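Coming up is one lone chain in structure tokens, specifically the form predicted alone.
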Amino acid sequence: MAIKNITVLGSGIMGHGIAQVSAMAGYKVNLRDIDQKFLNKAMQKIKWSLEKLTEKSKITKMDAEKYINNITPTVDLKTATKEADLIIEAVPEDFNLKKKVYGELEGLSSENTIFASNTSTLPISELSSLTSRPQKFIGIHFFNPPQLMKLVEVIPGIGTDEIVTKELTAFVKSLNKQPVICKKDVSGFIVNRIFIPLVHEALYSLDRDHVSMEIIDSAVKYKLDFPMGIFELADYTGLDVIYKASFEMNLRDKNVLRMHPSVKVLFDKNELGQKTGKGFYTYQGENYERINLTPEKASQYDISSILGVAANNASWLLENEVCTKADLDTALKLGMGMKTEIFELVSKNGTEKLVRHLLELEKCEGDFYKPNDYLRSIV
């Protein structure tokens, strides 16, 4: 089937961003939310985004008007989904909420309609079991903000038809995005399998090594070639997102990360990062503030434990054939902004040294740090 009409459920940051990039690719989009005020806010943001593109001469005013006309905001779910070839669910990362949404969709959608979830962590096979169409259910994980981020993870569930995976991969390419296939429906998929555990490991490193967050973040930025420090990136992402992702991932796979209590403490205090003015760092204004990270601070810290955890999870993905090495490198480059491939960083820092460090941590702090066989094989 040819995808022409799209319904996006949820008009928040991800939902309205997905609606915008789909409309700009020529698709007719119904953007649905439970209250008109949410839709009004979303349409204002889309118009603002298109105006910025017009000001930069990336599109014309006529283009902007056409793209806006491609989006129909609506509250009524039946109207929104009536002619949809593809429904992209982008509601908050709450399993019970998603369960409610898919229950409502069952009686409204054509049997040919593809369901795609924009979940960042919830298992696709688990979500597809909430419907009568696991063969037409798939994960399509955009990154924030969808208007700017090129990466989209495509995650087939256990029952997903291969044709649906091909169609959704082609759809992602039609949006001028880069798809990577997560071949197995594992906790955290590809990028979050690396990123989320690093936030917790950075906290354990803070406890273990008695250095400042700025020193750890400087080392992450300048020694691991990240665009920013890991605490800084967590604040930018939002500690509500970090906490919910951590909880869901840990619930389904105890080996994927080592939960640090500080993430929940900050979540419970509503200190969520940049968006609330305080998270790991404190922020003064609405505009995004960069932390003062320097090569001098980076030189004061050995990054082995943080790199070791990242390399272990990357090795696990390859060993379990979740993705190809090429897709892993693409995902980390486009999804996390890593400028250097992860196993090149491992080599630069000394693979044997890294494995020894993980073995020491395993001996002192438990099996979580046990070096993966793939990692050990490349020593």
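Throughout, we count residues from 1 along the sequence that is shown. No experiment lies behind these values; they were computed from the predicted model shown. We call the rigid core the largest set of C-alpha positions that still match within 1.5 Å between the two forms.
FYI, the form predicted together with a small molecule isn't displayed, but the following is about it.
The small molecule isn't shown here, but in the model of the complex which of Lys177, His141, Lys98, Lys297 has a heavy atom within 4.5 Å of it? Contact check passes for His141.
Position in contact with the small molecule when the complex is considered in the model of the complex, options Leu39, Val322, Val346, Met336, heavy atoms within 4.5 Å: Partner contact (heavy atom, 4.5 Å) among the options: Met336.
Pick from 349 to 357, 312 to 320, 41 to 49, 59 to 67: which stretch has a heavy atom within 4.5 Å of the small molecule in the model of the complex? Result of the contact check: 41 to 49.
Establish, in the model of the complex, whether Phe231, Leu272 and Gln274 all lie within 4.5 Å of the small molecule, using non-hydrogen atoms for the distance. Checking in the model of the complex: none of Phe231, Leu272 and Gln274 is within 4.5 Å of the small molecule.
Closest heavy atom of Asn192 to the small molecule in the model of the complex, within 4.5 Å or not? Yes - in the model of the complex, heavy atoms of Asn192 and the small molecule come within 4.5 Å of each other.
Proximity of Ala80 to the small molecule in the model of the complex, heavy atoms at 4.5 Å: So Ala80 does not count as contacting the small molecule.
Is there a heavy atom of Ile158 no more than 4.5 Å from a heavy atom of the small molecule in the model of the complex? Ile158 lies outside the contact set for the small molecule.
Using the partner position in the model of the complex, report whether Pro227 sits within 4.5 Å of the small molecule, counting heavy atoms only. Taking the distances in the model of the complex, the answer for Pro227 is yes, it comes within 4.5 Å of the small molecule.
Would you say Ser347 moves its Cα by 2 Å or more between the shown form and the other one, aligning on the core? Ser347 C-alpha, core-superposed: shift of less than 2 Å.
At a 2 Å cut-off on C-alpha positions, does Asn313 qualify as shifted between the shown form and the other one after fitting the rigid core? Not so; Asn313 is displaced by less than 2 Å.
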